[in-house]
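Below you'll find only one chain, the form predicted on its own, shown as structure tokens.
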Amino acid sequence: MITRLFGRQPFGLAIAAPYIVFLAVVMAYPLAYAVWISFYDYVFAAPGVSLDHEFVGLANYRAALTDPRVQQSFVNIVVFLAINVPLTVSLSMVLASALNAITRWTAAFRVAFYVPYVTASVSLIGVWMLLFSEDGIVNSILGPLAPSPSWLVNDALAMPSIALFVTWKQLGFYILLYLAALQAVPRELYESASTDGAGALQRFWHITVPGVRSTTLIVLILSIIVGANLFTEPYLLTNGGGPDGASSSPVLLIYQKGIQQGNPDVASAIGVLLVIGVGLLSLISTRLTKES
């Protein structure tokens, strides 16, 4: 009876139980509650006050999908992912391979790449604004070639600038993932390929890339999830998604509509649509990686 209820490893289940409860309370319940809210005319009420919430079906989803600001935010995220994900995968793999090959100052280089990841985004955003503001260091170097309007207030350059910032900040974490994966690739394969006359690029393409394929899938999915949850960067770098919504994100709109404007029902609908979109992108990435 115990085996039927708890499986063959009840001790393992007992160890995992706190984390299962944590996931249920922090993730599963809020997600289910958000799905429920998205089908009702829901407003926040004072503690202890009970309100009747009218069932409105798909009205909140129609309101979200027909809102030009919501449409723009999803387009912005597609632009962000189109820049961030390929850069993250390619740069982290190449840099990890380079770090794995060097024999001196290895720890120093690894720390240098990892420091931005563990540094608070607020402080790094201050540095980024110092670099890319209208009178910043980058524009001073470019001189007459500097864009006008400047990077973070330019409709065409605001979201790409944010994508570059997030890529730089997150890169250290993904480099460590690839470094761990590279330890499992036998050195003998590289030595045999070198003996057969394969160059560095051939060894990278035919040994490194296939050898870390499972890690590449993890990096793909994680970078998609991180990008879809973009909030801090447009909120601080471009003053809440400016200029004119060119750098807004769905999560930023969820905050604005749900908290600032008091429309949690529409905000929940946007959140559900975002979860579905991220799930589909992750599924497509998994399929494409396995087929390759």
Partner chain sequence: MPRTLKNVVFYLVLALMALAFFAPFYFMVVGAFQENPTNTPGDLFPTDGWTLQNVASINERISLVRSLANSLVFALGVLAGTLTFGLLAGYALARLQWRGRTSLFVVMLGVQMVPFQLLMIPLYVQVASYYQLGDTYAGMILPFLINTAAVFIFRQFFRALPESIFEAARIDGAGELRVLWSVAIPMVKPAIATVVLITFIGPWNEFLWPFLITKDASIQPLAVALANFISNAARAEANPNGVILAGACALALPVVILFCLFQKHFRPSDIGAGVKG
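Bear in mind the structure is a predicted one, so any value in this text is a computation, not a measurement. Definition used throughout: the rigid core is the maximal C-alpha set that superposes within 1.5 Å between two forms. Numbering follows the first chain given and starts at 1.
Below: the form predicted together with the partner chain, not depicted.
Find out whether any non-hydrogen atom of Gly57 is located within 4.5 angstroms of the partner chain in the model of the complex, and reply yes or no.
No, no contact at 4.5 Å.
Would Leu65 count as a contact of the partner chain in the model of the complex, using a 4.5 angstroms cut-off between non-hydrogen atoms?
Taking the distances in the model of the complex, the answer for Leu65 is no, it never comes within 4.5 Å of the partner chain.
Heavy atom of Ala107 within 4.5 Å of the partner chain in the model of the complex:
Result yes; Ala107 sits at the interface with the partner chain in the model of the complex.
Contact of Val26 with the partner chain in the model of the complex (heavy atom, 4.5 Å)
Yes, Val26 lies within 4.5 Å of the partner chain in the model of the complex.
Determine which one of 80 to 88, 67 to 75, 175 to 183, 147 to 155 lies within 4.5 Å of the partner chain in the model of the complex, judging by heavy atom distances; exactly one does.
Flagged stretch: 175 to 183.
For this chain shown on its own, do Ala34, Val115 and Asn229 all sit within 4.5 Å of the partner chain in the model of the complex, going by heavy atoms?
Every residue of the candidate spot has a heavy atom within 4.5 Å of the partner chain in the model of the complex.
Of Leu189, Ala198, Ala98, Val209, the one that lies within 4.5 Å of the partner chain in the model of the complex (heavy atoms)
Residue within 4.5 Å of the partner: Ala98.
For the stretch 109 to 146, return the residues whose heavy atoms include at least one within 4.5 Å of the partner chain in the model of the complex, in the order they occur.
Residues within 4.5 Å: Phe109, Arg110, Val111, Ala112, Phe113, Tyr114, Val115, Pro116, Tyr117, Val118, Thr119, Ala120, Val122, Ser123, Leu124, Gly126, Val127, Trp128, Met129, Leu130, Leu131, Asp135, Gly136, Ile137, Ser140, Ile141.
Is there a C-alpha shift of 2 Å or more at Ile15 between this form and the one not shown once the rigid core is superposed?
Ile15: C-alpha displaced by 2 Å or more between this form and the one not shown.
Does Ala24 show a Cα shift reaching 2 Å between this form and the one not shown after rigid-core superposition?
Indeed, Ala24 is displaced by 2 Å or more.
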